[in-house]
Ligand SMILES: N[C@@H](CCC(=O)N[C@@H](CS)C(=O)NCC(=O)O)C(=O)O
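To begin, one chain is listed below as structure tokens, in the form predicted on its own.
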């Protein structure tokens, strides 16, 4: 099986990178340079007309969106236990990833690029504030679910990698993490996993190469 991950540093494509590593999968990475707008080129738009990463190529067949990609990884490599074994818990895990994709990620995008969501002059700070407020609401819920737990379920799952990216990106954008101690503890715990260490080293190397190019 040939697996190729379309990846951009800092972006949420780090999530399948982590989970493919957790699964022990043999995969290659094709870097998409957002700084040079490679995601908007005709070549990449043929791969994903929505100009996003991650994309996963599986023997030439393309799969988009983190929820689907990470569910595929979990089901293709069951020994890695990237989803809970209980059927209802498995659906709850997929629901969590859907929540992160639709309930947290959009607020991060609004903080990062407010003018893409409202181009009225002088509204940037208002857009950012509203996004931070909604983000805090979501992190409060996550904090309650993580209270007294190492991970969202009884062991590490694909869910944890997705949430790690959400928290990391929020911190990079200046959102407050300290008011949510269980969220902060989860973020720190995730950084100790070998798969995350590998991802962060790969990201740093890739950023260095892109800067030099």
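Numbering follows the first chain given and starts at 1. This is a predicted model, so every value here is computed, not measured.
The form predicted in complex with this ligand exists for this protein as well; it is not shown, and the discussion that follows is about that form.
Quick check for you: of 181-189, 23-31, 145-153, 49-57, which stretch puts a non-hydrogen atom within 4.5 Å of this ligand in the predicted complex? After filtering at 4.5 Å, what remains is 49-57.
Residues 71, 164 and 193 all lining this ligand in the predicted complex, heavy atom within 4.5 Å: Not a single residue of the candidate spot has a heavy atom within 4.5 Å of this ligand in the predicted complex.
I'd like to know whether residue 12 contacts this ligand in the predicted complex, with contact meaning heavy atoms within 4.5 angstroms. The answer is yes: residue 12 has a heavy atom within 4.5 Å of this ligand.
Is there any non-hydrogen atom of residue 39 lying within 4.5 Å of this ligand in the predicted complex? Yes, residue 39 sits close enough to this ligand in the predicted complex that at least one of its heavy atoms falls within 4.5 Å.
Taking 4.5 angstroms as the cut-off for heavy atoms, does residue 105 touch this ligand in the predicted complex? Although this ligand is absent here, residue 105 would touch it in the predicted complex, with heavy atoms inside 4.5 Å.
Is residue 157 near this ligand? Define near as a heavy atom within 4.5 Å, in the predicted complex. Judged by the heavy-atom cut-off of 4.5 Å, residue 157 is well away from this ligand in the predicted complex.
For the stretch 66-104, return the residues whose heavy atoms include at least one within 4.5 Å of this ligand in the predicted complex, in the order they occur. Result: 66 alone.
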